[in-house]
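As structure tokens, one chain now follows by itself in the form predicted alone.
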């Protein structure tokens, strides 16, 4: 299947409750990740690399930083006369409204769907960090004759986000015969990444029917209720690097796992595009020390950095030791400070001689513009 026959839909606000500190003033899609990216970069790049030329980004609230980041879509080659990138905020005749759920959001953008010429729709959330060639999913969907194909992964069940589908029984050919929602188990399961493809007319029909009945759960009222009526298939993406963000802890763990070379090679096996901020090279002071860290451009490091992820414009003073931490854009740490297992959002300022210490299983998270 050619990617230009597929319309991409990205939900930028879904599961924001999982990262309440980091999403207080931004969408899930615009949360910074891995020293230079945003979470929305991964679904956008995966779609574009798979040949999709039209993508709608469904957003709800706090989307100023998302607009600043995606702009016209130029970094993803989506700034074009035909098709391209579309931001889809809440809107109704006469006044703005807030999407109550995924069904409302899709129904509210029915005109966008109707006017799109693509045959299929691929939908994705932003809380899964993966680099996947969707053309494999397209081909598997077409070859199986499925009505809906859902990308899944085998691992521990996400605990801190709602409406996670678990594939309890899957036939040898990949058809799902039994599913459950928010399964309470510590065992490894085969669960949905909320990345799915189906024909556009089928999505329009299912959403319109569910909305007319005032149904609010996409997973329960559209997927689960049709498991016996439609051919719904699973595609296993476990061999790829897939990180499911369901909490501050999982965000920290997935981020720190990229300090391992093999994980970085798997995640960045094909290009992940982002909006770049041109900056000078990072400057290292005479007494600075750096070990096993990812450091972006534009930083000034005069202290010791070990096992850290450092974003653009970070400044670290002399005598300061930063370990096992994530410092986002333009964070400033004074002199002789000790920082351990800390997630500092953008523009955080930490004064001289301050000591902040979390733990690998309980990192401290500082909100944007915090002063310590």
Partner chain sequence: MARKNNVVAMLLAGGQGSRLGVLTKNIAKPAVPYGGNYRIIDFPLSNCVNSGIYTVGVLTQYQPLELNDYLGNGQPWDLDRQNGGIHVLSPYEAIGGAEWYKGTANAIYQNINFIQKYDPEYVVILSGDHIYKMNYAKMIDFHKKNDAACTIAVLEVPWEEASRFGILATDDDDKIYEFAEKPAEPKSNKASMGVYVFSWDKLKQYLIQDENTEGSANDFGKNIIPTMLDAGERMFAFPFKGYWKDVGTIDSLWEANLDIINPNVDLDLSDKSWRVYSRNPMAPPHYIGKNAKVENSSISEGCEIEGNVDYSVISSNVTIEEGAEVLYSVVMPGATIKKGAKVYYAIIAEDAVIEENAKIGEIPEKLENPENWGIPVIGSGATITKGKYVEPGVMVKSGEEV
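Positions refer to the first chain, counted from 1. Note that the structure is a prediction, hence the values are computed from the model and not measured.
Absent from the display: the form predicted in complex with its partner chain. The rest refers to it.
**Q** Determine whether any heavy atom of residue 278 comes within 4.5 Å of a heavy atom of its partner chain in the predicted complex, and answer yes or no.
**A** Within the cut-off, so yes.
**Q** Whether residue 201 contacts its partner chain in the predicted complex should be assessed with a 4.5 Å heavy atom distance threshold; does it?
**A** Looking in the predicted complex, residue contacts with its partner chain do not include residue 201, since no heavy atom lies within 4.5 Å.
**Q** Can any non-hydrogen atom of residue 154 be found within 4.5 angstroms of its partner chain in the predicted complex?
**A** The answer is no: residue 154 has no heavy atom within 4.5 Å of its partner chain.
**Q** Quick one: is residue 214 in contact with its partner chain in the predicted complex, heavy atoms, 4.5 Å cut-off?
**A** No.
**Q** Go through 226-234, 118-126, 133-141, 164-172 and give me the stretch that gets within 4.5 Å of its partner chain in the predicted complex, heavy atoms only.
**A** Of the stretches listed, the one contacting the partner is 133-141.
**Q** Are 23, 326 and 345 jointly within 4.5 Å of its partner chain in the predicted complex, each by at least one heavy atom?
**A** Not a single residue of the candidate spot has a heavy atom within 4.5 Å of its partner chain in the predicted complex.
**Q** Considering 273, 180, 101, 255, which brings a non-hydrogen atom within 4.5 Å of its partner chain in the predicted complex?
**A** Comparing distances to its partner chain in the predicted complex, the residue within 4.5 Å is 273.
**Q** Considering its partner chain in the predicted complex, which of 338, 54, 69, 36 comes within 4.5 Å of it through any heavy atom?
**A** It is 36 that has a heavy atom within 4.5 Å of the partner.
**Q** Go through 47-69 residue by residue and record those having a heavy atom within 4.5 Å of its partner chain in the predicted complex; state none if no residue qualifies.
**A** Contacting residues: 48, 49, 51.
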